[in-house]
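Single chain ahead, written as C-alpha cells, the form predicted alone.
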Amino acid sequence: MSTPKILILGAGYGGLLTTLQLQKKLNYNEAEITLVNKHNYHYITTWLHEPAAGTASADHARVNLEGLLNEDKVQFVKGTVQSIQPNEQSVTLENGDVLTYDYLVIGLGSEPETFGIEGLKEHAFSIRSINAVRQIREHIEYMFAKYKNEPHRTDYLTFVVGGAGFTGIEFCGELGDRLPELCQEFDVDPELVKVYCIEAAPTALPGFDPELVQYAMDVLERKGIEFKIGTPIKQCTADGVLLATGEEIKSKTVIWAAGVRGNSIVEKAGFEVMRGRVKVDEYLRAPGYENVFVVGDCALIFNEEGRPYPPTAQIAVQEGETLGENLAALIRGELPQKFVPHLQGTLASLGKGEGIGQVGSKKLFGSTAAMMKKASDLRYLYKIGGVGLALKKVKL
C-alpha cells in the first residue's frame, strides 16, 4: 500500500499547528507530509499592528519555518496556491506545479472584507502581512517627511483607521504611542496630527463588555485618538473618506481594519462558502468531502446558539492541534475526535503597558491585561518553538 499524502496549504496558525502536531505524532514512514506556504516564515498575526505603527520591527512578528519543521518528516514547498481541484485531489501552484494528495488541509487565511465600500480596495492599506505592515510603517513616516516640504497639507498628518474591532483598536493604541516620537523626529507640532477611528457599529469592540470598551476608548482618547462610532464609511478615495453622515475627512492614509473574509481560492474551488468561509462539520471537514479539512480564517464553526465563532488565533491553534491528532488517527485506522473550541478569554493591547481583557467572568484592565497578553503570547511561542523561541521573541 502506498504511503498516504497529506497536503497542508498555508502556514498560518491552523496550518502550522496541524503540521507540527503531525510531525510530533507520526513516524517517518507513516505519511508524506507537505506544507505549502507563500513565504519561508510564519507570522504572528496578532502582533502585526505593532510593526504597522512602527513600535516594533517587522522581523519581530516573523518566525522562520526552518527552525520549526523537521525536514525528515515534513517537506516544505515555498509557493503560492493558484487553485484547488478537489475532485481530482490536486492543487495547482502559481509556477504551474501540481501537487496531489490523499488528505488536504486548507489554511489559506483571509482577505480584507470591504463590504462593497467603493474605493477601499484601491486606496486603503490593510494590516494583513509582513510586507503590508512594512509598507504602512514606511508610508506613515513618509507622510511626516512630505508634510515638512508642504506645510499647508495637513491631510498628510491625518490618519483614518476604518474599524474599531480588535485590529483597529490595537493599531490605534500603538499609533498613539508612536506619533509623539514622529512629531519629535520631524519637528512637527503634535496639535496638527489627527487620528480618526471610524466604526459603523453602534459601539467600539462590538460584543465586548461595555465597561472594558469604555476603558479602552478612554485610554485611546488620552493618546489623541478621535472616535466616530455608529458612522459607516461610504466611500474611500485617493483624498480620504466620505462618511454616511456626509462628512468628508481629507487623509492620505486610510487603514482598513474592519473585518476579513475567507480566501477567494476556496470559493473558486467550488466549496460551499459564506463570506469566503466553509461551514465545516464537527471534524473540520468540508461538506461533501471526507478527505478535505479547513482551518483558521477559511473555516466557519457555529456555537450551540447557532452563532459563528469569531475566526481568532486561539481557535485556529486549537483547530490545528485537533486536526493533527485526527489525521494521525485516520492514518492509523483509529477514530477521530470531534472539535470543540475552548475559549480561554479575550485580550487586547492598547499600546505600551495598557490593555483590556476578559478571562471567564473576570475583567482585566491596564497593566494586568497587558501582562496577561504577554503571557499568552509566550505560551504560543513556547508551543511552536520551545523555550528558545519564547526567549528570543519576548518583548518585556
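Quick caveat: nothing in here was measured; it's all calculated off a predicted structure. Just count from 1 along the sequence shown to find any residue number.
The protein also exists as the form predicted in complex with a further copy of the same chain; that form is not presented, and the subsequent description refers to it.
Remark: Glu118 does not count among the residues lining a further copy of the same chain in the predicted bound form, judged by a heavy atom distance of 4.5 Å or less.
Contact annotation for Arg222: none of its heavy atoms lies within 4.5 Å of a further copy of the same chain in the predicted bound form. At a distance threshold of 4.5 angstroms between non-hydrogen atoms, Asn149 is in contact with a further copy of the same chain in the predicted bound form. Using a 4.5 angstroms threshold between heavy atoms, Glu248 stays clear of a further copy of the same chain in the predicted bound form.
This chain is displayed without a further copy of the same chain, yet in the predicted bound form the stretch 138-146 from 277-285, 195-203, 138-146, 69-77 comes within 4.5 Å of it by heavy atoms. Only one of the listed residues (Leu243, Val260, Ala132, Leu99) places a non-hydrogen atom within 4.5 angstroms of a further copy of the same chain in the predicted bound form, and that residue is Ala132. Only one of Tyr215, Phe125, Tyr103, Phe159 comes within 4.5 Å of a further copy of the same chain in the predicted bound form through a heavy atom, and that residue is Phe125.
Residues are counted as partner-facing when one of their heavy atoms sits within 4.5 Å of a further copy of the same chain in the predicted bound form; in 179-206 these are Glu185, Phe186, Asp187, in sequence order.
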